[in-house]
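Let's start with one chain on its own, the form predicted on its own, as structure tokens.
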């Protein structure tokens, strides 16, 4: 009997010890970062990759101890990702839902048309009492149309300048292929990013002495391209530049093969320097040259690519930007002493905006990333080409 009471006493002691330990566990803090973008529709893969990259970076940070809050407490980062379906109205609705919570920042969107409309509902100028726009910081990882962050002082981007990338590419091509004289373009006419970059391609081509031999247009969801490629064939250009995402890029390249269109050089859109293009049409894409702000050429980039793959995504210039953003946000949380409590949400949003706006430089996977006064990024980039079923570095411009 004495032994029975002793065992019972020991059990009660263990329960008491557990009860004392519980409050410490309950006090563990978390910081939720919400991403949003296209996880359905034709461009869903970009949202899938962004979510995987956000989660990969968060896991790394958490394993290293988490993020330090303004009161000195350590917190783990959790990631939530919402689908805006690459639709402007849905994107606005998603962000209004995020802003109705304790969130003090959001990451997204995928599509430039969503970013353009979404940034338009944010307060344009900080401190303008007459502007009732949403006062909520957003940092974009994918939306690539140039100049979008200028729309609001609450909007930021970690996106490379495609103007600088194609300016450099066409200048380099002029030195490498002075014999090429004509260029023909193709563009997804209903997609903001494709259209904007197509304008950049044409302007830079002409600036470097190339003659525009014509252009063809199609839609993001198109599946047949025989008419457009027939027009391209009649023009018989030296270069074909395709400003389209992997889905229609592959469709056009396959139709070019079918009709026997063989330009001396192919140029692609930044977003098509991805695994999706190689999975869809590696053979037809052989040789296509694309500028990009990501390639697994540094130890950090290689590690990030492996981590993103563990979460079911692939690393490219867009998802790499999402990965970098989590580290940027960690730095701002710590430097601005963000509290991440329900009673500090408004103050935390202001601190986050001020911290992001104050950044002059961040650390990227390919090197240092500059920040501009209008909240854009100046990212290092290189040129890759499709070769033997993979993306290989063709040239790295001097930074």
Partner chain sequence: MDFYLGLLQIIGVHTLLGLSAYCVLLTGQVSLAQAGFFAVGAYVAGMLTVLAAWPLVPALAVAAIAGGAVACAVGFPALRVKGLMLVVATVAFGEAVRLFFFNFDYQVARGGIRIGPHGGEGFRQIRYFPEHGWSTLDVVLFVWSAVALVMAALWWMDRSRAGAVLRAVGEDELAAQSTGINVTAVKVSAMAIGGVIAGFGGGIFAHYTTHIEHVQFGVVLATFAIAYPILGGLSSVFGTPLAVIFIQGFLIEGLRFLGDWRNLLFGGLIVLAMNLRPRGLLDAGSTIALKRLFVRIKERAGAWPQRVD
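Predicted, not measured: the structure shown is a model, and the values here were computed from it. Residue numbers count along the first chain shown, from 1.
The following text describes the form predicted in complex with the partner chain, which does not appear among the structures shown.
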4.5 Å heavy atom contact, residue 174 and the partner chain in the model of the complex: no
Is there a heavy atom of residue 90 no more than 4.5 Å from a heavy atom of the partner chain in the model of the complex? yes
Heavy atom to heavy atom, is residue 190 within 4.5 Å of the partner chain in the model of the complex? yes
Test of understanding: in the model of the complex, would residue 131 fall inside 4.5 Å of the partner chain by heavy atoms? yes
Tell me, out of 196, 213, 261, 265, which residue has a non-hydrogen atom within 4.5 angstroms of the partner chain in the model of the complex. 196
Just to be sure I understand the contacts: of 117, 307, 284, 182, which is the one whose heavy atoms reach within 4.5 angstroms of the partner chain in the model of the complex? 117
Want to guess which of 324 to 332, 77 to 85, 288 to 296, 230 to 238 is within 4.5 Å of the partner chain in the model of the complex, heavy atoms only? 77 to 85
Those residues of 88 to 125 with a non-hydrogen atom no more than 4.5 Å from the partner chain in the model of the complex are 88, 89, 90, 92, 93, 94, 96, 97, 100, 113, 116, 117, 120, 121, 122, 123, 124
